[in-house]
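One chain follows as structure tokens, the form predicted alone.
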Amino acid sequence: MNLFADFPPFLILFIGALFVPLFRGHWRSAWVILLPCLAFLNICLLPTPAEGQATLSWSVKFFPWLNDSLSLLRVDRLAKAFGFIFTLNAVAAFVFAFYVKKSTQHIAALVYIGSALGAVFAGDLLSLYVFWEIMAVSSTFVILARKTEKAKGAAFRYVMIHLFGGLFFLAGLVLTIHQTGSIAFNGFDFSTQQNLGTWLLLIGILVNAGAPPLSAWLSDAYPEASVTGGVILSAYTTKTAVYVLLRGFDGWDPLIWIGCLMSIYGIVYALLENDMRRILAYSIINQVGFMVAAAGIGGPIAISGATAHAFCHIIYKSLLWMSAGAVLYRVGRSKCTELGGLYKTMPWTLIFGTIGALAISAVPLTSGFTSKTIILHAAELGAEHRSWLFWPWLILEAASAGVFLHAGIKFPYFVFFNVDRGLRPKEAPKSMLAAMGFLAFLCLFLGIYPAPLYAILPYHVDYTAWTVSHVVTQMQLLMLSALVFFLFLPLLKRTSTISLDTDWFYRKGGKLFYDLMDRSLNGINAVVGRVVNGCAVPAIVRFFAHGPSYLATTAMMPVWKMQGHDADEIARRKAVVYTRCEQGAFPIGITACLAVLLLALLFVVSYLSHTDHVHGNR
């Protein structure tokens, strides 16, 4: 046990992934469940420093010219909070995936979750970047595990976008190291450390956070993953980005407005969407927007609020993805226009999914209420000192009400009730129900008794969600949303359509760019090929093959004219010389003279160059 007191949690998952192929059947499923359990225990045994303090270990002086060492284990309260929920969610996800028999998806998922843990506990920017890129590659394989043509296309676009964001991160990293001579990652002050390097880092992080306009990768890729792949993907990439923002960009004002944009953007597209898993994907953008805004607000309350909301968000969002995944597993459909009436044969999936829907809507007695309201409280307190924060607070309040429209009501209504289409699937497998039941319990437990959650936050939270003001305000917003939903239900009915997002530009733009490059560059290649291969090369070949003969006859023309030969005689002599040049058949005397002339010429050139060299030395 003492070994775990100073051991990077990601190594447990990385090393454990190597042994997955050695197990078969249920033993393999049990092994992948055991690994995050051990990682959770590992994090519990790591020492918990005081607020604002951290301990560094597993450090190595890898680059002599840098002032800092690489550190694979930085432990503080922020890292431990994210580590707890990452491993806790992994346990539930692998229980949900108990039916999965192929090892490839388990290996990819373990590496993906392990790299997220590595990024959370990384003690420097360079280590963070390495884990950042491992996350991008391993999560691509999680998407590919479904092995459909749509999944392959989505995975390709997904990895391209994340490599694009990774390049921004790398460029910012290089510039930051050049400017500071350090790879330390202790946060950047907005008032003194704004420069090209930090802005490039921020752009790279926001790509992973799903900030518009580079957010379409999320709704494009996650719904194309497998039933269990979507559950795993929903928890780690965006929340790792939130963690980095909370640690590195606390109090950066632009993040407030970016977060507000994300919260509204996600709602609008979720309301327009027909596919249930794409609804949940857009909902991720909406919820992460609250956390990004909290990072921009800054300060202990906002940072702790964002951490608490990330913790609860992972729980209820995974629960919703499990509910949708169970429906997809049993029915094989994901569009709302093809679903309905499932409450008759999948009642437990409905109950657990509804608890997740209530939690994401921040209904009192659920975890969303005890976490999201901290962020709203932080914005409200900030408005007392910075009056302009009233507007972000108002936007976030409106967005909080909007969540109930697309996730709290729309998702369970159109999937489980709506028009009965005669579908009578079996209830979800027991392992799926067990995982959903566990997460549903956490949603209710942390909603009723949030003290254990508040105890692990980065800073002490002097906040009580259960006040008359908070409860009444939230219930008013929720009742208004419910009223709007049922009043405008005819307008909200789903149709068999698709919603165009910003991925349209690089889907179409990529094809146009390819066609443009194909026509232009390959057109240039064709022209150059015709000119070079069709004209220039044959001309050069002819010159070297017959050029000496032409030069010899041309050189003799003035001599023959001076000798007074007529045109016929000159033509005859020209033909004779040309033929002898082509055949290399000259009289011995002429050949000897030419050889002597060549040697004399070489001697003169050698003598002149030697003379120039002697004069140059003088």
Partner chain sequence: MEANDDKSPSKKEAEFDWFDRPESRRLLCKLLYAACAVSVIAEIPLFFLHKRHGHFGEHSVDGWIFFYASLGFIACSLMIIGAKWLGYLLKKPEDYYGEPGEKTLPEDIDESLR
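Positions refer to the first chain, counted from 1. Given the structure is predicted, the values throughout are model-derived calculations rather than measurements.
The protein also exists as the form predicted in complex with its partner chain; that form is not presented, and the subsequent description refers to it.
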Just to confirm, with a 4.5 Å cut-off on non-hydrogen atoms, which of D253, E397, D189, E133 contacts its partner chain in the predicted bound form?
E397
Out of V532, L175, L163, V268, which one falls within 4.5 Å of its partner chain in the predicted bound form, going by heavy atoms?
V268
Is S499 one of the residues lying within 4.5 Å of its partner chain in the predicted bound form, judged by heavy atom distances?
yes
Given that its partner chain is not shown alongside this chain, does G299 nevertheless sit within 4.5 Å of it in the predicted bound form, heavy atom to heavy atom?
no
Verify the contact flag for D76: yes if a non-hydrogen atom of it lies within 4.5 Å of a non-hydrogen atom of its partner chain in the predicted bound form, no if not.
no
Just checking whether Y129 would be counted as a contact of its partner chain in the predicted bound form - the rule being heavy atoms within 4.5 angstroms.
no
Picking from 365-373, 475-483, 302-310, 238-246, which part of the chain touches its partner chain in the predicted bound form when contact means heavy atoms within 4.5 Å?
475-483
In the predicted bound form, do P347, E380 and V468 all put a heavy atom within 4.5 Å of its partner chain?
yes
Going by its partner chain in the predicted bound form, which residues of 125-151 come within 4.5 Å of it through any heavy atom?
R146, K147, T148, E149, K150
